[in-house]
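Below: one protein chain in two forms, given as structure tokens, structure 1 then structure 2.
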Structure 1
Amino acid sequence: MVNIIWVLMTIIGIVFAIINGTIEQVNEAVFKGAKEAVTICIGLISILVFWLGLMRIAQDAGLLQKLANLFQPIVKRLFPEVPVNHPAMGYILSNMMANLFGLGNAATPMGIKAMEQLRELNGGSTEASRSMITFLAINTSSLTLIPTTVIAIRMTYDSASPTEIVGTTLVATFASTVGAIMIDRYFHYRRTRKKGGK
């Protein structure tokens, strides 16, 4: 569906540029955008390699496991249907740790694995379980402590203080995550009450 939307937007834009006589500007924007994309990707490689290496050291040193154990009581309350020793819990905690450190690319495979395990817990049903909805809500709330990707982009564009965004990121993370959990809980309890015939 998203692919269709992008194709339609591209076709409409090109047709409009032809009618409006601005196709040259469109060509210029396309090549300029492609050049900037390559520059940004190369800039991101350095900071991502640094953070991924740091995360690997933290993982080998047992720091991630300790952080996972620290957050386990909170995560257990968020996902009461998931047994503590189930693989889904490990993937959820790993996904959250990677997201907290701004490693979205590293978090994605663990998030997919967590969803697969949650689906197994749900009996393979195509209908999302409560835990799956909660996990998706928390993931889309931009759970981040260190916005690694944004810092890398700011460094690429010669920001005077690329890390000054960390403070506002913490506030935004707190507000969005608390908001997502509250909305998730509200709709869960409303659905539970409706099923109870109230």
Structure 2
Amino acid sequence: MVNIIWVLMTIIGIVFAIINGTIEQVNEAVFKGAKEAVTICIGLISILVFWLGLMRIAQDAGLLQKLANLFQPIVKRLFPEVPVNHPAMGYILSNMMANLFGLGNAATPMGIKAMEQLRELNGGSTEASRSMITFLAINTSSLTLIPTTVIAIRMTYDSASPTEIVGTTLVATFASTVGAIMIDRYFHYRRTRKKGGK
């Protein structure tokens, strides 16, 4: 899908430039855009290195594990079909913690492991189970504590206060997560009702 959007945006732009007579600006934009992208990525290095370095300390100190244990009672209610001591629960919690602390790379493998376990719990079916949908809903609503990359970009463009959006991001991410859980519950309710109740 992103392929189509990418090509469309470029082609529409070129066609527009031909009609509008802005082809000169477009020529310039190609090289400026590419240069800008590389500048941004270099700018990102500082904050990514710092944050992922700090998070490694947290991980080695067992801090993420501890937080996962703390959240277990809540997560247990979100996934009523998953037994507490099942490995799926551990992977779900580690995935959520990694997401929370912006360890995107660490979060994905844990998420896949969680999915594997959830599939096993579902008898190996290729159909998405209730828990899988809940897990995806929470993941796509993005639990983020510190939006590292965004802060780095704001710094690059000389924001007066690059971190001022941490609070608004927290509130918005909380709202979308709660929303996701409620939407997930609603669809679950609708499914069970269609099947003639539990």
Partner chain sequence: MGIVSLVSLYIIPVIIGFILIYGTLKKVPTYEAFVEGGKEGINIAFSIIPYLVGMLVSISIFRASGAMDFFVEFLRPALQFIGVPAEIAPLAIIRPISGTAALGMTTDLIATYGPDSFIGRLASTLQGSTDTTFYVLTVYFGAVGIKKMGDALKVGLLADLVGIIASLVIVTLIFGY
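Rigid core: the largest C-alpha set superposing within 1.5 Å between the two forms. Structure 1's sequence is the ruler for residue numbers, which start at 1. What you see is a predicted model, and the numbers here were worked out from it, not measured in a lab.
Structure 1, rather than structure 2, originates from the form predicted on its own. In the core-superposed comparison between structure 1 and structure 2, Gly13 has its Cα shifted by at least 2 Å. Ile181: CA moves less than 2 Å between structure 1 and structure 2 after rigid-core fitting. Relative to the superposed rigid core, Thr148 undergoes a CA displacement of at least 2 Å between structure 1 and structure 2. At Ile23, the distance the Cα travels between structure 1 and structure 2 is 8.2 Å after the core is superposed.
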